[in-house]
Ligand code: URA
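One chain comes next, on its own, written as structure tokens: the form predicted alone.
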Amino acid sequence: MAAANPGVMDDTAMRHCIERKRDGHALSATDWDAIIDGFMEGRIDEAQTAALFMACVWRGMTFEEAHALTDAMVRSGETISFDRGKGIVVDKHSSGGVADIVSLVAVPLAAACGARVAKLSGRALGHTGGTIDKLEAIPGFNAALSLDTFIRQVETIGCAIAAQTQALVPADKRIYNLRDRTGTVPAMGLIAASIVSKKIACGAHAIVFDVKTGPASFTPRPDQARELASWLVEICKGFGRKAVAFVSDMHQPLGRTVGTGIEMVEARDLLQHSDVILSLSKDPERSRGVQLILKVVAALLDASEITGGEERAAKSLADGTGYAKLVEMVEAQGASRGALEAMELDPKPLTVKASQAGFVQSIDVVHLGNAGRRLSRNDALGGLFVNVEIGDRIEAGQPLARVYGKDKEHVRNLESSFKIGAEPVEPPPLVYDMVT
């Protein structure tokens, strides 16, 4: 069968690529470059592109193909460049989770320890939360930074969290939308190329990934998450970027809150040592969320060639310098310290209580994630506070969760999200693996 003409991708050439991938053959870097170029310029349509992606789902992709696709998508738009001579710039990415406040806390915490953190984040997708949505719950916060402003803020105060602009990796935005509509998201090479293309375009010299595994993640099994983590690290290496990837658990909410603004309040209170959220938590300084935050910050510092790791991160969390950096970032992006600190939760939440005694054996994280999204739709500070974790011993009548917001009376069946049984269970590990 004839190969596609190098550098040219029309209807006929694209059909040949689809047929080769359908039959289990790898496409060349030239093919992938021409495919992205043809798709963006309208010479090949969505039907053929979707057919190719479905073939990738069924037949898989080689590492070389994923690297070539990443490179083609990076070159579809503008890229950011940080001067290495001024210091290493690091980035952090999560594959999506529920009650995942890690970025909100880890970015200012790492910056307070001397790292330079440049993070472009996304919005909520399905039952998972979006870092930009959480930050925009602060009145006045501006996530739509120009590339020049983004670079300048990282260089002056040490950190920035902004929304991805239309100019960066435009091919990924269009392709992901197509994959989402055509059921072609779950292909390891496509997922890895989508994630890494944005990280490379953002200009960081090193990246720390947090790949979730569990029922509420895009890689439900630990082996799938480890595979994705390896792809992410290896593709970054192919672009000359240092990377490390954690494989962390998503069988239960990571933090205590589920929503948008309510998660911003939890992040603020952890950094500020306020009593709004912490007073509701058991042993907040040793919570799963804090443990993962400290590990991620340690990895960001290591990638920045700053010694001290978790000990330095814990000190910055305890002495308030991490909170001071959060305030500095918020003020640089249009909001105020007063606006951040004025965020208050509904003083009369609805309490969901256990109808029986026993042990928490499992938690339906997807159900809780969707409930949090619904509650925050009409109230930026609406959402859930989850009182229990897997393995906890509870009594009948004990609070399982608290519901906040204007629509709290409309939330139903939350107790069903918590499976209570007579037998004790071991909680899942927080981190399954670390791929370097």
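Because the structure is predicted, anything quoted here is derived from the model rather than measured. One rule holds for the numbers: they count along the sequence shown, beginning at 1.
FYI, the form predicted in complex with uracil isn't displayed, but the following is about it.
Engineer: Decide yes or no: are Y176, I195 and F218 jointly within 4.5 Å of uracil in the model of the complex, with each residue judged by its heavy atoms?
Structural biologist: Every residue of the candidate spot has a heavy atom within 4.5 Å of uracil in the model of the complex.
Engineer: Uracil isn't shown here, but in the model of the complex which of L147, I88, V290, L190 has a heavy atom within 4.5 Å of it?
Structural biologist: Answer to the contact question: L190.
Engineer: Which of 176-184, 321-329, 207-215, 244-252 has heavy atoms within 4.5 Å of uracil in the model of the complex?
Structural biologist: Of the options, only 176-184 has residues within 4.5 Å of the partner.
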